[in-house]
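Shown here is one chain on its own, the form predicted on its own, set out as C-alpha cells.
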Amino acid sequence: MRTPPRRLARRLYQDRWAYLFLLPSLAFFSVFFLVPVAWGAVLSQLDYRAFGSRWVGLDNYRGVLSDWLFWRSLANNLYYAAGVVPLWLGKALFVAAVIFPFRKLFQNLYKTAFYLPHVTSAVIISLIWLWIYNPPFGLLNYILKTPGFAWLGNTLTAMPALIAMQVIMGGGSTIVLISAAMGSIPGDYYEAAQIDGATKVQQFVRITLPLLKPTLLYLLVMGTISSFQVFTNVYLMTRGGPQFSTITIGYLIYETAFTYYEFGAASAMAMVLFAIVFAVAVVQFRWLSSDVEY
C-alpha cells in the first residue's frame, strides 16, 4: 500500500532530529566509502595516466582474469581464509566458553588480556613475529631446536606461519562479542536442562551453540571479509614470497598500483575482489541465517 505524500512528509518532519543526527555518519560513509568505491569502478575501465587517461571498457577485467598471478593470489587468499577463520573462531568460542563461568572480575581480566593485541598496531605485531620466525635468532627455532630454519623463506611453511600468527594474536574482540552473547541467553534454559539430566557438554551443544548462531554468523562473515583483505602482515613479513607462495590479492593490488602504476588494472582487481567477497558473504548468510528468538 503506497504512503500518501502528505503523510510521508509529516512522518519525515516528525523524525527530523533522527535524520539530522544520522547525517554526519552518512556524510562520512559517503565521502570515505561510497565515493572511493564508485571512483574505483570508473577507474577500472580506464587506461589511467596522469595526463590523458583513455576509456578501455572491460579490457582491464579481461587482463586481470587472464593473469595467472591473480589466480595464484586468489588461491592463496582462499588458503589463508580457510586456515584463519575456522581456527580463529574456534579459539574464540573455546576461550569464551571456558571463561564464561568465572566471576565477573576474572572474566574481565581474561577478556582484557586477549583484547590487548587487538589494540596493538599490526606493524608492531608483525615485527615481533619476524623476530620469532628469525632463522638464526628466532624464539621458535630456539624452542623447537631447529636453528637456521627459515619459516618465512620456505614455500611450504610461509603461509602456515602467517596463518598461525593471525590465529594466535587475533580473536580478542570476538571473545568479547561471544561472551556478551552468552550472557544474554536466559538461565531458565540451562536450569531446565539440568533438571532433565543434561551434561555441561550437552547444554553447550544443544542450547548455547544454537542460540549463538546469529553472533557466529556475523563473526564468520566479518572474519572472511577481513581474511580476504589481509595486507599488512604480507607486506611486512614476506612481500608475497617466497616464489609467490604468500601473495594475496590485497598485496597484488598494492603492487600493481604503486609499483607498476597500473591503476586501472589494480582497480579492476579490487572490483573483482569486492564481487568475490560479496558472493561469499551472501552464500554464508543463506547457509546459516535463521531467526532465533529467546
Partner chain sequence: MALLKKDRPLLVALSTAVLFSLVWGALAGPAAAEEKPVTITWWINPWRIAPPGFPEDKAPTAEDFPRWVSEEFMRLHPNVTVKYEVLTNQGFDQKVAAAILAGKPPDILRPISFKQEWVRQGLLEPIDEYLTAFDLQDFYDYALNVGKVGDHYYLFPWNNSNNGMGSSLLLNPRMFAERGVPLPPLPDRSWTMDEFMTAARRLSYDTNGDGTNDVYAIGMSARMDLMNNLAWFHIFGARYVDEGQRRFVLDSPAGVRALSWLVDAIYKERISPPGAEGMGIYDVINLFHQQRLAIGYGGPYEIGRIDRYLKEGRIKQKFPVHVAQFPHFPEIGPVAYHTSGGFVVFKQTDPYKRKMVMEFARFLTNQENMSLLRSLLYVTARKSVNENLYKGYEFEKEIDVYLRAISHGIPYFGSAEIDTTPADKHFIAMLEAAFSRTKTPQQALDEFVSQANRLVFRGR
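Residue numbers count along the first chain shown, from 1. Bear in mind that the values here come from a model prediction, so they are computed numbers and not experimental data.
Just so it is clear, the following notes concern the form predicted together with the partner chain, a form of the same protein that is not shown.
(request) Check, residue by residue, if Gly148, Gly153 and Phe244 all come within 4.5 Å of the partner chain in the model of the complex, counting heavy atoms only. (result) Every listed residue reaches the partner chain in the model of the complex, so yes.
(request) Classify Asp59 as contacting or not contacting the partner chain in the model of the complex by the rule of any non-hydrogen atom within 4.5 angstroms, answering yes or no. (result) No.
(message) Whether Phe137 contacts the partner chain in the model of the complex should be assessed with a 4.5 Å heavy atom distance threshold; does it?
(response) So Phe137 counts as contacting the partner chain.
(request) Indicate whether Tyr261 is a 4.5 Å heavy atom neighbour of the partner chain in the model of the complex. (result) Tyr261: contacts the partner chain in the model of the complex.
(message) Within 4.5 Å, heavy atoms only: does Arg49 come near the partner chain in the model of the complex?
(response) Yes, Arg49 is a contact residue.
(request) Taking the partner chain as it sits in the model of the complex, which residues of 188 to 212 have a non-hydrogen atom within 4.5 Å of it? Please list them. (result) Read in sequence order, no residue approaches the partner chain (within 4.5 Å, in the model of the complex).
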